[in-house]
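The data below hold one chain only, encoded as structure tokens and taken in the form predicted alone.
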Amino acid sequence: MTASLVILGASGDLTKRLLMPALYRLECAGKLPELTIVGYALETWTETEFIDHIHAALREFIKDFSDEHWLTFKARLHYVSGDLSAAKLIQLAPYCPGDVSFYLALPPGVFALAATGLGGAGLSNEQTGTRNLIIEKPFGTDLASSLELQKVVTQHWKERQILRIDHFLGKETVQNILVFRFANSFVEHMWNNRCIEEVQITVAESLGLEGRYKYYDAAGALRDMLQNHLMQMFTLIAMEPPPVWDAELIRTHKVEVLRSLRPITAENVAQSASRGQYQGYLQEEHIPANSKTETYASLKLYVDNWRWKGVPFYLRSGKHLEQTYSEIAIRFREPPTRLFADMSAHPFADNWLVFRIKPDEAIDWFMNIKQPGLELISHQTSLHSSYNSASQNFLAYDQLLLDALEGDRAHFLRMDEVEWAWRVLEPVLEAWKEGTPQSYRVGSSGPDDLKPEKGWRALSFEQPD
């Protein structure tokens, strides 16, 4: 059966920088099914002008651009011009004979309008094939707005038709969490509060707003990063093992984690959440002089279940920090006795399991061993696995677009997961309506008021000897 991917917002930056390059890489790898790609936007371009626009974008963003693959790829491309009204969107009907995915590469404020317009044009109807609606984050700006958006969207679309995309779930390292946990039986025996002392999840950026001032000042770090990206990684680390690989089971187990979280209340917000704003943010172009938007946010979470009782999970993300660096780091408990502490010339380092996401993707398990020689001297080493070279330069959107086209929903968010993530953070958002963020220096590691007992890990990686 013929399949179609319709991109609403096809003239925008997301399409140019991420979606079309991802589809082109899948074309080059021979992974794309029989697929018609339809661009839809307000611009009154001809189809030739649209194809020329995509050609220029691919030449800019694809390092190994191939004219041979371009000839095959461009034959898939079509273009329709119009707004988000049902009267205009009905123009897409001739391009939708079988299975169709509609990708909303649009500003969040018009998600509801687009979903309603498509539904009103009859394009959510599945009489001739499946229909999927792919929605970028953020899904709402708080609990109330997310529930209202869901109410509007589901007037025409069933929950099983909605694919809420979070590109972190397509990253190699993030997908490797489940494989590492559940394909190695010895790991699961240690994956609990008896062996693990704490977990730190970090997404640090050295860059600032990069032109995203309008969105970012309305969102802030908590909404932009922690409510979605970091919360996704957190639930994958903390979830229970599913008995089989099933999208609904996996997503249900992730929701169970969020429902098991120790509540953040108005009384304990200060002990559970921290916010900061880099020095100079208020002087950025277009930023109001009285803006309270946080450019750094951190959380301390506890999962009150049998597996994780008492283990703190620390999440942090911020802009204009000292490095662009992302990792999930799991600290294991010290041995019951430091048997060799008095005999070794060097203290023993902590045992960490680190899933590194940026700048390069790898897994490292740090442990102490004896240094060769006559003296009892310890040093730290790691079991290291790097898979940059093995990934064939596939990126997160490549994986998620292919999953969407193949109907695999495991790496897309279900509404109850979105809802519970907002429920967890609602007291923080409410408390932060008052007061102001702490100021922190550009190039630092951010505010230091909410940190692990032994401190945050450095925003860099050094391979041990």
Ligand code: BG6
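The structure displayed is predicted, hence computed values, not measured ones. Note that residue numbering follows the sequence shown and begins at 1.
Another form, the form predicted in complex with 6-O-phosphono-beta-D-glucopyranose (BG6), is not on view; read the next lines as being about it.
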property: In the model of the complex, the residue from 168, 157, 79, 191 that sits within 4.5 Å of 6-O-phosphono-beta-D-glucopyranose (BG6) by heavy atoms; result: 168
property: Single option in 99, 224, 364, 361 placed near 6-O-phosphono-beta-D-glucopyranose (BG6) in the model of the complex, where near means a heavy atom within 4.5 Å; result: 224
property: Contact stretch among 204-212, 238-246, 375-383, 123-131 - heavy atom within 4.5 Å of 6-O-phosphono-beta-D-glucopyranose (BG6) in the model of the complex; result: 204-212
property: 6-O-phosphono-beta-D-glucopyranose (BG6) contact in the model of the complex: residue 319, any heavy atom under 4.5 Å; result: yes
property: 6-O-phosphono-beta-D-glucopyranose (BG6) contact at residue 137 in the model of the complex, heavy atom, 4.5 Å; result: yes
property: 6-O-phosphono-beta-D-glucopyranose (BG6) contact in the model of the complex: residue 229, any heavy atom under 4.5 Å; result: yes
